[in-house]
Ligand SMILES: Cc1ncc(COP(=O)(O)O)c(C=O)c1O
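This document opens with one chain alone, in C-alpha cells, the form predicted alone.
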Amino acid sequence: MKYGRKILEAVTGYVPGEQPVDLNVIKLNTNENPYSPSPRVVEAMRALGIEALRRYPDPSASAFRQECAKRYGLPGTDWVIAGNGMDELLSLVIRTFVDPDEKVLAPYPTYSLYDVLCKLHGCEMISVDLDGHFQLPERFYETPAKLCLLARPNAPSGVSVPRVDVERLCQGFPGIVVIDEAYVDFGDDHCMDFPARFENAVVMRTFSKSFSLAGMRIGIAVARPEIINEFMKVKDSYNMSAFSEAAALAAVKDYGYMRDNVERVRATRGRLHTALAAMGFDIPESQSNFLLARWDGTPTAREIFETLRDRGIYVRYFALRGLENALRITVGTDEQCGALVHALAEIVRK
C-alpha cells in the first residue's frame, strides 16, 4: 500500500467470529452468554438521560473501579484500570511494557489476537506448543521474554493451567505475566489474588462473557498501583462511554445475578459434553463457556462446520495447525444445544 506503514505489509488483522445478520440462527460461534444481562443494567442506562450524551464520561471510571476493588477484595481503586473491552487492555499492556523488537511469550494454541497485537506493535511473539493435555511444557518456563500472555482458561481449548503452575511462572518469569481470565467465572478457581502476591502479575477480566455485556465493551485489569500508573499513561483519555460505565457498575453490583446465569451455563456445558462424547467427539474438560470438540472421522470437522452453517447453526472452525479437526462450540441454552446435538447426530451418522 503506497501510504501504509511498512510494518503492516505482513500483518493480517484479527478475524472475529462471524456475526450473522439473521437473528433467527443458533449462534454458538463467539462465546457470548445466551442469557440477558442484569435488569439493573438496563435500569442504569435508562437513568442516565440525554445529558450523558452531551458531556464527557468520567475519564477513569472511578465509581466502577471502586466497586470492582470492593467486589474482588483489592486494597483500593488504584489497583484497577477499566478498558474498552479486554482487547483494549491487551493492546495497552503490550504498548506499555514491551518495546518494539522485544519478545512476548504465549502458549500455542491460544487467543489469536495476541499475535496480531504483537505484530502491530513491532515486537515478536514466541509461541510454545502446549502438551497433549493443553498444559504448559517445561520449555515454556525456560523461554525468556519481556512479557507473557497466559489465557486461563485457555481459548480455544477451555482448559485451565493449575494455579500452582501459574505461581511457578510468576515466580520465575523476568517480566510481566498477564493472566487473561476472560472465561474464569465459568471455572472452578481464579488468580485474582496474584497481583497482591506477585509484583509482576496482571489479571484481566472481560464483561463480555459471564456478565452478558459483549455489546458494551467492558474490561478490567488488576495489578499493583505502580503498574496501573503505567497503564494510565498510555490509555485513551476517555476510553469508556458513559453508558458502558453505567452498565459495568450496575452489573458488578448485581453480582449474584451473573453467578446464577453462570451456573446455568455450567450445567448445560456438562450435558453438552456428555452428548458430544457419546457421538465420538474428543473433548477436553472445559472451564469456560465453550467446548473444543475434536473429531477424527468422516465428514471432516470443516465439512461439519459448513453443514451446520447451512442449517442455521453457527459454530467456530479454525484452519490452524493442530485445530484442523476441531470445532469450538459455545454453550448456549439447553434448547440451542439440543438443536445442535440433533443436527450433529444426523450429520455424523451419514
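Numbering starts at 1 and runs along the sequence shown. These figures come from a predicted structure and were not determined experimentally.
Unshown form predicted together with the ligand; subsequent notes refer to it.
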{"item": "Complete contact of Phe186, Glu263 and Ser286 with the ligand in the predicted complex (any heavy atom, 4.5 Å)", "value": "no"}
{"item": "Single option in Leu90, Val203, Leu147, Ala247 placed near the ligand in the predicted complex, where near means a heavy atom within 4.5 Å", "value": "Leu90"}
{"item": "Single option in Ile218, Val222, Leu105, Ile94 placed near the ligand in the predicted complex, where near means a heavy atom within 4.5 Å", "value": "Ile218"}
{"item": "Contact segment among 127-135, 159-167, 224-232, 207-215, judged by heavy atoms lying within 4.5 Å of the ligand in the predicted complex", "value": "207-215"}
{"item": "The ligand contact at Gly175 in the predicted complex, heavy atom, 4.5 Å", "value": "no"}
{"item": "Touches the ligand in the predicted complex: Tyr111 (any heavy atom, 4.5 Å)", "value": "yes"}
{"item": "Leu272 within 4.5 Å of the ligand in the predicted complex, heavy atoms", "value": "no"}
{"item": "Exercise: Met86 in contact with the ligand in the predicted complex, heavy atom 4.5 Å", "value": "yes"}
{"item": "Interface residues of 180-196 toward the ligand, as seen in the predicted complex [heavy atoms, 4.5 Å]", "value": "Asp180, Ala182, Tyr183"}
